[in-house]
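Okay, here we've got a single chain as structure tokens, the form predicted alone, with questions on binding and movement later.
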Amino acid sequence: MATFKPGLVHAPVTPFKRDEQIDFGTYAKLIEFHLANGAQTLAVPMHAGESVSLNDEERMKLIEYAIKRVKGRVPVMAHASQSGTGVAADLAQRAAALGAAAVVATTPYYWTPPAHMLLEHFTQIGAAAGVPFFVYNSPEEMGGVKITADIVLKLIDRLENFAGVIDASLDWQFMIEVVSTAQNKRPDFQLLTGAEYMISAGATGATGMIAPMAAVAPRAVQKLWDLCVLEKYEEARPVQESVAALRQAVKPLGVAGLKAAITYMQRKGGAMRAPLEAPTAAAKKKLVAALEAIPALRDEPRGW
């Protein structure tokens, strides 16, 4: 199978109207904004897109809409995570049929299966997808369930289309082990970082980055990416510090903070869907103060 290289991946939020229905008009504007500001791939709907608050049909509608809107300008990765293996496999198969260039899946929600069943979970999803398949390692979000280097190596043996790992654990020892062992078996195997800490990830061997913060500060994210691709890590340090400051400002409020930051930049992030809620006035005031203390945001685009 031909190597798929996602590169710099933007993960759009899912904007909702006040009645919690998907606001496709704003979604179209968000997609165009990401395409105009450096996205080499779009990943939809990731956790930043409130995927766990969407039913399966809504997820398919978002994936289909994004693919049709993009019109081949960049690849679209489809997020197919679910609690049940069969349900996730069905999502993966449907997403590939719609034209997704790749599929990504996390460990199961809620369940904490043993390693051999986690291997089976990913094997079935990847086989159903057919297209390049990535597993997403984020034990902090997923009840402590980890993807191990052993599971990665066994997936390589089982799946020709197993393309790589997206890691959000910030476990550099795991990332180094995965890169060194997996690429010995599959030279084109890829490691992507699921957070915008690209200096450390790039030095480890990461070849891609999923960057939700690109919705707020695409120029800083792009500059960080470009410098790290060239391995100019020392020059990238002040940019990395700005992007890290942005992440830390948004993180306490989660997706609500990300949407509020998008709105602060004079774009529309949209409403939240229950059980998430919009930030309180006090929380929003604290967020705005933190954003205004980041000088790099003054050079970022305002509005669409």
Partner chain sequence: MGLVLKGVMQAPVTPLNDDFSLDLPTLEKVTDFHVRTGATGITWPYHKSESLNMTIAERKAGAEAVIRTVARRVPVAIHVSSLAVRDSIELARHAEDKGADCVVAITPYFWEPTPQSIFDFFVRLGTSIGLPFLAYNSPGYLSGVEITSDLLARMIERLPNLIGVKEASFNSEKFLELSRCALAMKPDFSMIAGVEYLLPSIPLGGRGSYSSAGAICPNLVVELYRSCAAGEWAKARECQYKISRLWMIFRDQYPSSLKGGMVMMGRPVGPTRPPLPTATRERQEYIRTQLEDMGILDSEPYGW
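Predicted model, so just to flag it, every value in this text is computed and none were measured. Positions refer to the first chain, counted from 1.
If you look for the form predicted together with the partner chain, you will not find it shown, but the lines that follow are about it.
Selected contact from A244, V52, M60, L35, since only one has a non-hydrogen atom within 4.5 angstroms of the partner chain in the model of the complex: Selected residue: A244.
Heavy atom within 4.5 Å of the partner chain in the model of the complex - residue from Q124, Q222, Q93, S200: Selected residue: S200.
Touches the partner chain in the model of the complex: Q248 (any heavy atom, 4.5 Å): Yes, Q248 sits close enough to the partner chain in the model of the complex that at least one of its heavy atoms falls within 4.5 Å.
Exercise: Q240 in contact with the partner chain in the model of the complex, heavy atom 4.5 Å: Close contact exists here: in the model of the complex, Q240 approaches the partner chain to within 4.5 Å, heavy atoms only.
is_contact(D171, the partner chain) in the model of the complex, heavy atom dist at most 4.5 Å: D171 belongs to the contact set for the partner chain.
Interface membership of V179, the partner chain in the model of the complex, 4.5 Å heavy atom rule: So V179 counts as contacting the partner chain.
Stretch in contact in the model of the complex with the partner chain, which is absent here, among 163-171, 150-158, 103-111, 67-75 (heavy atoms within 4.5 Å): Contact-bearing stretch, as computed: 163-171.
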